[in-house]
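One chain follows as structure tokens, the form predicted alone.
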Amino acid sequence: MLMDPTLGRVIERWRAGDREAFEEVIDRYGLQLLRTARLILRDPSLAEDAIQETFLKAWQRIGSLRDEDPGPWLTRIAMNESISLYRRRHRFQALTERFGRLSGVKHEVSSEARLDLTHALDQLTAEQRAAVALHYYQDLSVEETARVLKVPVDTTKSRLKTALRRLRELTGAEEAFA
């Protein structure tokens, strides 16, 4: 998508190394990216770290931005940073969960937790949360979500279907996600 001429001039100034132009981009997209990172990471301070890293990489990689709206480009960077940070922070947790599944231990979810969507979102993989955040919270189409995540449309559909099935299980809300 082509961007408006005013934004185009800001991007050109950014490409030339203008920090004020870069701050305009941060002001324009920062809050949206932070919300997305919070939905994926489920931790405000980790989300801030991910977005700080996002903008650092964006500054360094401005040359890879084509003549288009930088929103999807920045969102891709933020999604990748959030997922990477989540994986780094949760390696031990993932290992113990995998061990628990292999040993046949089944974790029961309390009735209070079943009603708590936030808790249920925590139980999804980072990739599933990313798909849910983009599709349901940012109202992107499945195709747009796939493009931002740089995965095939069928992969995005599968992640959304699996995530919704898991959310139904965890919340006991069969009708809420139909």
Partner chain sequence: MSDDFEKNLREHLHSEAEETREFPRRLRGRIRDGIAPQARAGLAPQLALAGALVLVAVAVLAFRNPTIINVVTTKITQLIQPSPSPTPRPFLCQDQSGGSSGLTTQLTNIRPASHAGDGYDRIVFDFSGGIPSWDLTRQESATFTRDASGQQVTLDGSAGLKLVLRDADLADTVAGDLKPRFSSVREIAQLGNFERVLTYGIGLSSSQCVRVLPLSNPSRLAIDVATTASPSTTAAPTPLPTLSPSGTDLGAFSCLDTGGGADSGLAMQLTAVRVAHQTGFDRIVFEFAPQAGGTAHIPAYTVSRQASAQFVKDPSGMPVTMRGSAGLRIVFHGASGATSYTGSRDLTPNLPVVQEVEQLGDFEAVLSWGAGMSRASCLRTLELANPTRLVIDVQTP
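Treat the numbers as computed from the prediction; the structure is a model and nothing was measured. Numbering follows the first chain given and starts at 1.
The form predicted together with its partner chain exists for this protein as well; it is not shown, and the discussion that follows is about that form.
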Inset, instruction - Could you check which residue among V142, L65, A126, I26 gets a heavy atom within 4.5 Å of its partner chain in the predicted complex? - result: I26
Inset, instruction - Spell out, yes or no, whether the shortest heavy atom distance between R19 and its partner chain in the predicted complex is within 4.5 Å. - result: yes
Inset, instruction - Evaluate K157 for contact with its partner chain in the predicted complex, applying a 4.5 angstroms cut-off between non-hydrogen atoms, and reply yes or no. - result: no
Inset, instruction - Please check if R15 has a heavy atom lying within 4.5 Å of any heavy atom of its partner chain in the predicted complex. - result: yes
Legend entry - in the predicted complex, R147 touching its partner chain (heavy atom, 4.5 Å): no
Legend entry - Residues within 4.5 Å of its partner chain in the predicted complex, restricted to 31-54 and counted by heavy atom: L31, L34, R35, R38, L39, R42, E48, D49, I51, Q52, E53
